[in-house]
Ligand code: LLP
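Quick setup: one chain, the form predicted on its own, written in structure tokens, and binding and motion questions come after.
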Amino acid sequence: MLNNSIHYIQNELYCDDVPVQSIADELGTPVYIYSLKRVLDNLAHIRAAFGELNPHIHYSAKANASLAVLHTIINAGAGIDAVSSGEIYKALRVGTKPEDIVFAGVGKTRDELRYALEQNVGWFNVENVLELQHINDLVAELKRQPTRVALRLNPDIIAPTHKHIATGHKAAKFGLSIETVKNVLANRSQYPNVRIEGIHIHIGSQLHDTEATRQAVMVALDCIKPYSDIRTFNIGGGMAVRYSPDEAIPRWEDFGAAITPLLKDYQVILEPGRSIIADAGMLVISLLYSKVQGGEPIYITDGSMAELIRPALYEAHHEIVPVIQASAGSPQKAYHIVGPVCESADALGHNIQLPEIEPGALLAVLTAGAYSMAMASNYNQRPRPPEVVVAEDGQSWRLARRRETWEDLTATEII
């Protein structure tokens, strides 16, 4: 979606004050482009939306773990929500204070837990009783002071979102059941090397109303009601971004208003990811060929599911626009925008209204800052694209990650 950072100036697409065409001319396509200005604007907006709670914000690195993006967010005062030891490593590389890292994730290995303890991360969001035991034992083995833990509650609430990104219903792999949380809290003395000081919920991503979140918070509050020493409430992330102009989503202020009366006496942690980075990014691709199959017009591009898997994985929609707009009144048709990967699922968009363009023309896939490069692959042995950031002042751009080479494809292999 177009916004104050990704917009047209005299029919040419810009990222802040930088023409997108100029970046593609120098680096080629596909290429990811992120506006750091928009990232900071989104972060400030979220802080304001939950202002009365004065939350600690931990950016969810799984959405986009580019070092340049992480560095910008950390310098703006946020922490990191990590779901692997690799994300912890990258967070530390950009200067995140260990105490500002939350280690989440449903399947942490003992080696990952050990690494996190050795790095003195601030919080563990625990999702399994055996995981809690592992942490307790490792703290003793490493001769550390008791570490802080939040129990991730599965509140058995169906989130209003796609089934693949709903995480709070009873059949989901995530979190601890209500009964398990109550049992752990009643038997905390079994874990002398951990301090259970928080409760954590995250019922899903791209949430389309606030009521399910409010209900989940109430369930969690009931679980911890007998324990006055549990004063930290981590509500995860999940706030939605708009992927199409007609998509109805709650404002971030609506989430703040829904939970503030419930949590005003708690220290609140937020873990937004998509809502900070998604609409700050785009994937720029080039048209290779066009054809008509079965009466359906198709644009074949050099962008694929290897660079943006969300449409294939979630049937997700992204707006796709020309980098150079056609003249006013030019006829448009509904095109299927597909890639070169050998899969029928390799499509970036269906029935996208576009003018007729020639091979070599550029298209921009919008709202592609989250879960694009983060989920990219080398399928079909495609080198992954470069990442570009436009500076916080919007005036210049730089390479944040170079394009992979064929040599990179075999760098870790042994014949």
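Numbers follow the displayed sequence, beginning with 1. If you're wondering where the values come from, they're calculated on a predicted model, not measured in any experiment.
What comes next is about the form predicted in complex with this ligand, which is not displayed.
Residue 237 is the only one of 175, 339, 237, 79 with a heavy atom lying within 4.5 Å of this ligand in the predicted bound form. Checking 37, 56, 382, 62 against this ligand in the predicted bound form, a heavy atom within 4.5 Å turns up for just one residue: 62. Only one of 339-347, 129-137, 267-275, 184-192 places residue heavy atoms within 4.5 angstroms of this ligand in the predicted bound form, namely 267-275. Taking non-hydrogen atoms only, residue 50 never approaches this ligand to within 4.5 angstroms in the predicted bound form. Among heavy atoms of residue 206, some come within 4.5 Å of this ligand in the predicted bound form.
Proximity of residue 310 to this ligand in the predicted bound form falls within the 4.5 Å heavy atom cutoff.
Contact check for residue 152: a heavy atom falls within 4.5 Å of this ligand in the predicted bound form.
Contacts between stretch 358-378 and this ligand, counted in the predicted bound form as any heavy atom lying within 4.5 Å, involve 371, 375, listed in sequence order.
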